[in-house]
Each structure stands twice: as structure tokens, then as C-alpha cells.
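Below sits a lone chain in C-alpha cells, taken as the form predicted alone.
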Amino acid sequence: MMKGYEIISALSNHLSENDIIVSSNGNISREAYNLLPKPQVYLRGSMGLPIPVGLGLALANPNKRITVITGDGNFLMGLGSATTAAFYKPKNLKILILDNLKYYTTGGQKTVSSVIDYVKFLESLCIEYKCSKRASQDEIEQDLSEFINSEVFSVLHLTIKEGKKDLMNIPDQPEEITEKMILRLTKLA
């Protein structure tokens, strides 16, 4: 099993310069900021909002691949938005769930992720998904490649090992993040 930052780092091998990443608050945004191309949408203090933000970007930018990176706590807090995304099924939207069974950024409190049957839940939404507890980096790389290159709305749920890397905090304020993303989207148009 890999750590979240290792998977985010591996994800960079599968992204193009046109990809837009929306990362949930906390460690995931710090890891995305430090390990993936900049600028991206880093949500700060926005628990439960990565999927609605990603969905909005996907619907507004149908020719751009939008990948949401979220933890299990953020995903569970935004279950309603997951169902809305499944209703619209934008084929350019990908949701990567990194599940360590904890609210890791706020002190490691347990989430209720262990009582969710992700397979049944994602099947009930009639979306393409994969749930994996694979251990090797080669297998994770294969999962990431299939997920990113899928031609349909898809979800990849990965069980991860606890652990974080000591990384620089995001220096930009939310307004600056928004301005940089708008400028990037304008250049990519």
C-alpha cells in the first residue's frame, strides 16, 4: 500500500499540461501544490467542496480533463455532490479518493469510511469506478493510467497507508489561487 503523497507524485506521470486538478483542503492540497504542475485549484478550508468545484469546472470546460483529488473525509462530507456528478456524468471529470480511514490533517480522527461499501455505492450511481487496495507501485501506476485515460466520468478509490511528507504550505490566499486559475484557463482556451 502506498502513502497519499506517493500516489499524488505518481499521478504527475499521467497528466498533460492541459489537465486541471482540484485538490481537497489539508495535506492533499499541500501535496498537490508541491508535487504537481502549478497552478491548480487548491481548496483551503473548504471541507466537502472538491467534487462540486470539479463538477462546475468540468461542465464549464468540456474540452479539459478535470481531476479531483480528495480524501475519504472530504468525499464523505460531500456525498450529495457525488450523486449530482453521477447524474451529469461529465466524461472529462475524474475523482480520485485517497482513503486512509482518517481525517488526517486535523489530527487523525477516524472517519466512517470503514462502514461504506464503496463498490456498492459507486455501482448504485452507475458510474465507472475502481476500488483498489493494491500494494505495488506498478499496479497503482496501471490503475492511475486507466483512470486518467478513461473516456467516461470515473472514480478511483484507493486505500492508502498513513503518512505525510513535510512540505511547504501553499503561500497563496484563496483569491490568488482563483486569479491564477482563471488566467490559466484563459490561456488554455
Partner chain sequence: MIDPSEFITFLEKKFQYICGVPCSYFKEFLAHLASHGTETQLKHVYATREDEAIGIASGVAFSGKKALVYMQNSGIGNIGDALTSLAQLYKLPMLILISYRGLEPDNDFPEHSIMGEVNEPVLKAFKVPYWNLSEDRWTIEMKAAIQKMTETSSPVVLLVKKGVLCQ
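Note that the structure is predicted; figures quoted are calculated from it, not measured. Numbering follows the first chain given and starts at 1.
As for the form predicted in complex with the partner chain, it is not shown, yet the points below apply to it.
None of L122, L156, L36, L57 but one reaches within 4.5 angstroms of the partner chain in the predicted bound form through a heavy atom, and that residue is L57. Among the residues L43, I160, I140, I148, the one placing a heavy atom within 4.5 Å of the partner chain in the predicted bound form is L43. For the partner chain in the predicted bound form, the listed stretch (44-52, 124-132, 160-168, 140-148) containing residues with heavy atoms inside 4.5 Å is 44-52. For T178, a non-hydrogen atom is located within 4.5 Å of the partner chain in the predicted bound form, even though that partner is not displayed. Within 4.5 Å of any heavy atom of the partner chain in the predicted bound form lies no heavy atom of M1. Interface membership of T105, defined by any non-hydrogen atom within 4.5 Å of the partner chain in the predicted bound form, is ruled out. Although the partner is absent from this view, S81 contacts the partner chain in the predicted bound form, with a non-hydrogen atom inside 4.5 angstroms.
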